[in-house]
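Let's start with one chain on its own, the form predicted alone, as structure tokens.
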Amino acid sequence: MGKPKVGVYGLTGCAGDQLVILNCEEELLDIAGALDIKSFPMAMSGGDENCPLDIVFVDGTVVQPKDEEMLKNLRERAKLLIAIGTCAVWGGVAAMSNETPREELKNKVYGPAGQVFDTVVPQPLSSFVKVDLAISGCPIEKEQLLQAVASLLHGDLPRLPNYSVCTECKMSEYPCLLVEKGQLCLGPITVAGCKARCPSYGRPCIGCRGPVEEANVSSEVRLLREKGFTWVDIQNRLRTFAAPADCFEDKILKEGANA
């Protein structure tokens, strides 16, 4: 069996998840040797932009019509489509809730020059195509990427954490920033995988990895309200990285009505 044909592409975003691939350093040559990389615009020129692919990695958010067009083209070409990074999985900062109309926002940011940009409401990849595997993170973790590549080479999808950052925090015996120190920490409802990096430095989790499956958002909101945080504080934090997530938005609307 030959090497799997792979493409790595980015939509609108900071490209941090593609950089994680390039920053694999010692493992990079092994990755390149195990995969037949047909296209990776950030790392190579002259790639094959039309060939069928076994696996395509896509980061970034659908923010422009051309993003949607590219994404659907990649979906047609690839057997497996893998969303990498919080922007691709949840919408990320680009999809942050904002009450300002897009045309007005575009004008404030870019001025008259912004009229050349054709934008749509930012959405994660799953709003447009089937996503076979979602690896969240802002950016993704190197270890999870390598695990995914190894599993895919064996014909399997990797097993990713299905528990919260709060669990990682407790396993490392870090002091609870939410309960003990009263900080606005989203660790209880954010999916694990970062080894509780921010809490390890005494900083609260801001939810950059997106919600854990079956996140108990109501309990989190109640606890934060008991700690003295306003509804606006909580709403803004919840809507920063995963605003389109149903488990967040439904609770935001419900809790907001009672705030």
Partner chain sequence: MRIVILPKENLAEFIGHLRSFGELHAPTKRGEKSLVFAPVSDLSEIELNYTRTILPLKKYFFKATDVMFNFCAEKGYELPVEEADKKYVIFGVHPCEIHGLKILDLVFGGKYVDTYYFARRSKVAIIGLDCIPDDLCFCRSTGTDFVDTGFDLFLSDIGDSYLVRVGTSLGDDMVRAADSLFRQVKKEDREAYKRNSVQRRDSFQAEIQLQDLPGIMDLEYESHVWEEVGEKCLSCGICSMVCPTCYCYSVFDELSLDGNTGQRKRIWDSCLFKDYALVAGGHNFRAQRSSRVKNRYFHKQRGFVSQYGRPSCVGCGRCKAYCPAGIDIVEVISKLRSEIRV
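Positions refer to the first chain, counted from 1. Remember, it's a predicted structure, so these values are computed and weren't measured experimentally.
Not pictured, yet referred to below: the form predicted together with its partner chain.
- Judged by heavy atoms within 4.5 Å of its partner chain in the predicted complex, the contact stretch among the candidates 118-126, 72-80, 175-183, 91-99 is 175-183.
- The three marked residues, Asn50, Asp54 and Cys138, fail to reach its partner chain in the predicted complex, with no heavy atom of any inside 4.5 Å.
- With a 4.5 Å cutoff on heavy atoms, Ile31 counts as touching its partner chain in the predicted complex.
- Put simply, Glu68 is far from its partner chain in the predicted complex: not one heavy atom of it is within 4.5 Å.
- For Arg222, a non-hydrogen atom is located within 4.5 Å of its partner chain in the predicted complex, even though that partner is not displayed.
- A residue is said to contact a partner when one of its heavy atoms sits within 4.5 Å of a partner heavy atom; Asn216 meets this definition for its partner chain in the predicted complex.
- Using a 4.5 Å cut-off on any heavy atom, the residues of 150-181 that reach its partner chain in the predicted complex are, in sequence order, Ala150, Ser151, Leu153, His154, Arg159, Asn162, Tyr163, Ser164, Cys166, Thr167, Lys170, Met171, Ser172, Glu173, Tyr174, Pro175, Leu178, Val179, Glu180, Lys181.
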